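Next comes just one chain, in structure tokens: the form predicted alone.
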Amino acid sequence: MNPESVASELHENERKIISLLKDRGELTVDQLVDETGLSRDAIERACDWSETKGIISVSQKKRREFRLTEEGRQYAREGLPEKRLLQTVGDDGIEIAQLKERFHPLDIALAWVRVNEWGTISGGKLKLTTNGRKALQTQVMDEKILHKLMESPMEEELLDEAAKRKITLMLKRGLVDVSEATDKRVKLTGFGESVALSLEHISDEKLITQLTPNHLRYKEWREARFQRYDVTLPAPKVYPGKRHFISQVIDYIRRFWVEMGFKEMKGPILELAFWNFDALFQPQDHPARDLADTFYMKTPYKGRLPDERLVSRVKATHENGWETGSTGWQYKWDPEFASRCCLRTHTTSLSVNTLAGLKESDLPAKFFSVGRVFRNETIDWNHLMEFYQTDGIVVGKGVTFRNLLGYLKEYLERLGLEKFRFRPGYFPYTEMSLEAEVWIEEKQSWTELFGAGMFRPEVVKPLIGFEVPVLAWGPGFDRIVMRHYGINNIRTLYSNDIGQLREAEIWVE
């Protein structure tokens, strides 16, 4: 870059900094603030601009400062307890019993008198040593440090080794506090020195960095020069505050369903097995209900089942199919097992809970949920014990399987997926059923995303009391988000790695 050209493009704040550095060499940001009268924010910005252009270099240096605590200030005013104790002893010594009545704090003072070898105790009497008599006649290093710290803090790099050792002891005694700070030091580069020389030739020119009404009214622009801007310069990286991308995705999904006319379902993460399994026509001996897959609670061990009429219909459906036209599962349904408490394994528990509260006059109706679910999975790159799921149901006499495909297609496209497919699937509580899959280019294979289908009559009729088509789906979105952000381990997805969060792009809506 040409120094003359760069000099002509400098902001007036940059010019002030460069002029100071040319005369003074290296300066801290605090010194630049004092010398220029500019705010710290203005100095920081100007330094960033100049560093980007290669004019200055900025280094950071950590420093430690020592300050007195309240106890330290008291000793600086009144004197160290051990030094004051020396003054009461005298040439012949003094009885410890007398000191207990006359001197406070005696324990602290005696301890440090003995550590410093200023006195000895013999026969219940404290006597001064030679070192003690010398200390009585002079100002010891501890006192010097206390008096200096009383005037102003002391920087560690300015202390000699003896003073550092004393400061360490005073820290342990609680007389001194230490604080750490980082100084930014700024100096001209070789190129910056060339720019500084070029600035001398144009220092008398009037520079306009921002056009104002007065410049136009009084035609001041005729005798001035406008600051030039180099739009090709790289801008310093800025990390704005933003939410975790999982939170962004959850909000996006929530808005998507609301815009589609759905109402949100909410409920507790602690659920009865009745709502989590039984209401979904899942038999009580189904493998998914075992401890291997479900977190059952020790406390509370069980809860209260809902309305007795509803429970009796679910019980009959399991045992013999009730009035659904099914033969049921042909076993004796256990209400005690259904009343067990567990962490919900899917948000579909909210869907059946909502269905149970609907009346025929409420139809048609559309509902969705977004929430955390829990499964006793072995943790690996693709599985966690806790993750998010979004559920949805559409209830109405005219809804069909084709409507279900339309909703899911719109959902996946709005999440940015282009190549996906639906294939037949099986679930205990839906018929017809499907599984959605997405094409993973890197692996050249299809990966399962979620399942969906139409609730079976054995689910719907016991809950509502009559037959009506219900579309249902329960997609997780972890794998979609992982694919979008190029994350190949689900544990990384939910981590709070600051570097990852800073670099992650904002979820595009």
Partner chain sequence: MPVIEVKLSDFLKLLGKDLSIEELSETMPMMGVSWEGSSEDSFSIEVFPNRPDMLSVEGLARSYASFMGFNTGLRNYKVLESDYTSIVAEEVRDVRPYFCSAVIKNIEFDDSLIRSIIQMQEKLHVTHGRKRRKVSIGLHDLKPIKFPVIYTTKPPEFKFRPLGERSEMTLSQILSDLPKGVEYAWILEGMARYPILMDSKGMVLSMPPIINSEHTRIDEATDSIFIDVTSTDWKAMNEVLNIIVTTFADRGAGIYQVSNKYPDKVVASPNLKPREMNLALDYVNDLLGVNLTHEQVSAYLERMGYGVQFEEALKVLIPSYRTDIMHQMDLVEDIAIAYGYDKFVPEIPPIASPAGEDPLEIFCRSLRNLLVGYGFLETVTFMMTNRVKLFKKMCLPEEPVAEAENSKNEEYNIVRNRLIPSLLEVLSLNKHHPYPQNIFEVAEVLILDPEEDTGAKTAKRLAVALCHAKSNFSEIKSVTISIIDNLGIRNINIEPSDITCFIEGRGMNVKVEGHLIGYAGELKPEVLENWEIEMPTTALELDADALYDILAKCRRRV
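Numbering follows the first chain given and starts at 1. Predicted, not measured: the structure shown is a model, and the values here were computed from it.
Omitted from view is the form predicted in complex with the partner chain, to which the following refers.
Residues 59, 208 and 226 all lining the partner chain in the predicted complex, heavy atom within 4.5 Å: Zero of three within 4.5 Å in the predicted complex.
Specify the contacting stretch among 208-216, 180-188, 165-173, 267-275, defined as having any heavy atom within 4.5 Å of the partner chain in the predicted complex. Heavy atoms within 4.5 Å of the partner chain in the predicted complex occur in 267-275.
Have a look at 244, 114, 147, 84 for me and say which one sits with a heavy atom within 4.5 Å of the partner chain in the predicted complex. Partner contact (heavy atom, 4.5 Å) among the options: 244.
Please identify the residue among 405, 310, 197, 136 with any heavy atom within 4.5 Å of the partner chain in the predicted complex. The residue from 405, 310, 197, 136 that makes the contact is 405.
Could you tell me if residue 290 has a non-hydrogen atom within 4.5 Å of the partner chain in the predicted complex? Yes - in the predicted complex, heavy atoms of residue 290 and the partner chain come within 4.5 Å of each other.
Give a yes/no on whether residue 340 approaches the partner chain to within 4.5 Å in the predicted complex, heavy atoms considered. Residue 340: contacts the partner chain in the predicted complex.
Applying a 4.5 Å heavy atom distance criterion, does residue 324 contact the partner chain in the predicted complex? Result yes; residue 324 sits at the interface with the partner chain in the predicted complex.
Is there a heavy atom of residue 193 lying 4.5 Å or less from a heavy atom of the partner chain in the predicted complex? Outside the cut-off, so no.
Scan 354-376 and write down, in order along the chain, each residue with a heavy atom lying within 4.5 Å of the partner chain in the predicted complex. Those in contact are 364, 365, 366, 368, 372, 374, 376.
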